[in-house]
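Quick heads-up: it's one chain on its own, the form predicted on its own, in structure tokens.
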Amino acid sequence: MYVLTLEKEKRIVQPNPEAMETELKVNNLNVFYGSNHAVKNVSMEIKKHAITALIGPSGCGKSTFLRSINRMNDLIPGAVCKGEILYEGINLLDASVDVVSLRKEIGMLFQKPNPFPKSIFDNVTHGLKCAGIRKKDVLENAVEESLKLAGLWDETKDRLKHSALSLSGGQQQRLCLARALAMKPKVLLLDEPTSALDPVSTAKIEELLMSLKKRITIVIVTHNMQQAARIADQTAFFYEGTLVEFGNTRDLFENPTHTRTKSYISGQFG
């Protein structure tokens, strides 16, 4: 049996979540897939310009919770979300919310890289072109800026017209990150973004996320508890659709208040 601890050398200055500004406030969120009550009365505050990790065993509701934030559950037949997800004073679950605009401001990265079968350049500019942006210099600047933020510019600047499918898995995931960043989102949701990647590519993604939180609020679902310990400012532990424990990452891993949390992070179940 082991107890997961933070790698102190990676955290010279510890965050103070209480002093951070709230980006998203979730009140009594419930999500149903037909008769399946997948997320049960979850309330939490996600801090601005911080990384919040969602951990827990498979099927515990963490991905469902994540998808609720930018209304991706709307795409699932029979899915119903109740409660509040407040963002800039607006309940994102309200029927009047423009979902297309919402997903520009709250971007998402999925478990497996999903580049479009087109050039690297066209992948990054896809969302911009859909938004009606056509000026060549604007698109070129956006591509360079986004690829630099995603740590991919030096590797691709001489082959922007090449197919995105020619990139490695890790590069494809960073390309998808660049594609999301091109829309200048304020919040970035990531659902197991490194689970299909090798350790080197995983480390690159983690390093990028640590730097990106200076400008973007990040929420990440991960099965990798070491990953949560390395990069997250706050961590939420889900179990059977409920939020069991939520707080400062160091406190949750080193001194959990709930027995179930302690059992999970010590490897007694998963």
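The numbering used is simple: start at 1 and walk along the sequence shown. Just so you know, these numbers come straight off a predicted model, no measurement behind them.
The form predicted together with a small molecule exists for this protein as well; it is not shown, and the discussion that follows is about that form.
- Taking non-hydrogen atoms only, residue 26 never approaches the small molecule to within 4.5 angstroms in the model of the complex.
- With a 4.5 Å cutoff on heavy atoms, residue 208 does not count as touching the small molecule in the model of the complex; it lies far away.
- Looking at residue 48, you'd find every heavy atom of it more than 4.5 angstroms from the small molecule in the model of the complex.
- The shortest heavy atom separation between residue 202 and the small molecule in the model of the complex exceeds 4.5 Å.
- You can rule out all but one of 212-220, 40-48, 58-66, 226-234: in the model of the complex, only 58-66 has residues with a heavy atom within 4.5 Å of the small molecule.
- A single residue from the set 76, 138, 80, 130 has any heavy atom within 4.5 angstroms of the small molecule in the model of the complex; that residue is 76.
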